[in-house]
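As structure tokens, the next two blocks hold two forms of the same chain, structure 1 and structure 2.
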Structure 1
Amino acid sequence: MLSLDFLNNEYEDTKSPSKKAEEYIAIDILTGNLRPGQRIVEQDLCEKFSMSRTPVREILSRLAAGGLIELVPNRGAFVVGITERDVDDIFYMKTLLYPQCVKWAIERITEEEYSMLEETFSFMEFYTATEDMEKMQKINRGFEAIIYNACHNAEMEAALLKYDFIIRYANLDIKYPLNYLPTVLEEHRAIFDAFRARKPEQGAEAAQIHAFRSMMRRK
């Protein structure tokens, strides 16, 4: 899967009902809609998402593998909560991993991937002026997703995608400063410049700065 589909508004619709339900539950957990320790009854999910227990149990298996719920034998699924400190920690883990991801990505990126990154960055430049926060967040996520993929390491990619997902939904009440979009654009420009110059160390440095500042903007 290598495309700019994430820019499309109907992108979400391409996901399977099962995947959508899984994401829905995950978001409910991260936003606190489902409380830590709360029991999730399979039958309730069957009714909520209009499916039988078989796919529901597969969803619960995946969520448990991801750590958002705990599956206790013969007793069912229980919500595993996420604390503010957990989110802090995850921001910090991103500052550790993301620079190395960018370094590898600059070393390993294909021509095709680079073209996508270039095109996405030009979209970012163009739309930053619009101050459409939602659209820009989507493009920013797309920009980083291309980099995560371009590092060509599945563990790194999965880890960073997961951290972003947690940060995105467990961090909803954050107040962005007025100059947020142009600031992030400049941080991303520094990263993209390193890709353009093919300088891995420079990219790691720029990534470190971006991740660290993102963590700080939360405060």
Structure 2
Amino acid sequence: MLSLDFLNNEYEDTKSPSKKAEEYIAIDILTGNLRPGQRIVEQDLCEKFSMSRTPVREILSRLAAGGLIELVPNRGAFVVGITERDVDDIFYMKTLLYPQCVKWAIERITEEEYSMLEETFSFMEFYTATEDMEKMQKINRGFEAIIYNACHNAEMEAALLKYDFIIRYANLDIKYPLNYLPTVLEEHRAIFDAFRARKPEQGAEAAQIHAFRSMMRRK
């Protein structure tokens, strides 16, 4: 069950050591610390993360399944990385999935999930005025994570969380306009208003607008 721990750093401690290690490696790839074609040495990972070869190989298998590395028989693991086109494609796929996710979430959300969403939006309103970009990005991710969970479709939730992870770390150098926080607040307000009114189609339309504008802000 989700909680509001995303407002601080405690939620990181709920992840398994294996999941944390997988994310650290993925972040190094997405941010360019590990370059395309670079070999990843299993023993180095075992020492860095204090793990045996078995969980490290499982991590590498998952990264390969996600397309970030390639496992070459008798040679090892090599970074594939991610291109600008890959990121553009992921943004576009989110514009297709997110509206349906919001529609389902409005239809299926529980009272407890709605209370969490309502509280999160209140935090969003408060922290927008503080212009605390780091805090707001964390709250925005939490707002969407609640919606993903509330659609009650595990495949949809996993896909959108994966897209958001890649988008987040592949765009660390993005320059945000001065009115970014108030603008995004209003886009999220339109989505939340649809939840409050229990109008799935209205929510899907608001989600489509937000996802499309998010994609265009990257340009």
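The first residue in the sequence of structure 1 is number 1, and each one after it adds one. These numbers come from a predicted model, not from an experiment. If you superpose the two forms and keep the largest set of C-alpha atoms that fall within 1.5 Å, you have the rigid core.
Selected structure - criterion: the form predicted on its own: Number 2 is right.
Given a superposition on the rigid core, I'd like a yes or no on whether residue 65 shifts its C-alpha by 2 Å or more between structure 1 and structure 2. Residue 65: C-alpha displaced by 2 Å or more between structure 1 and structure 2.
Per-residue Cα shift, residue 74, between structure 1 and structure 2 [Å; core superposed]: So the C-alpha of this residue moves 3.1 Å.
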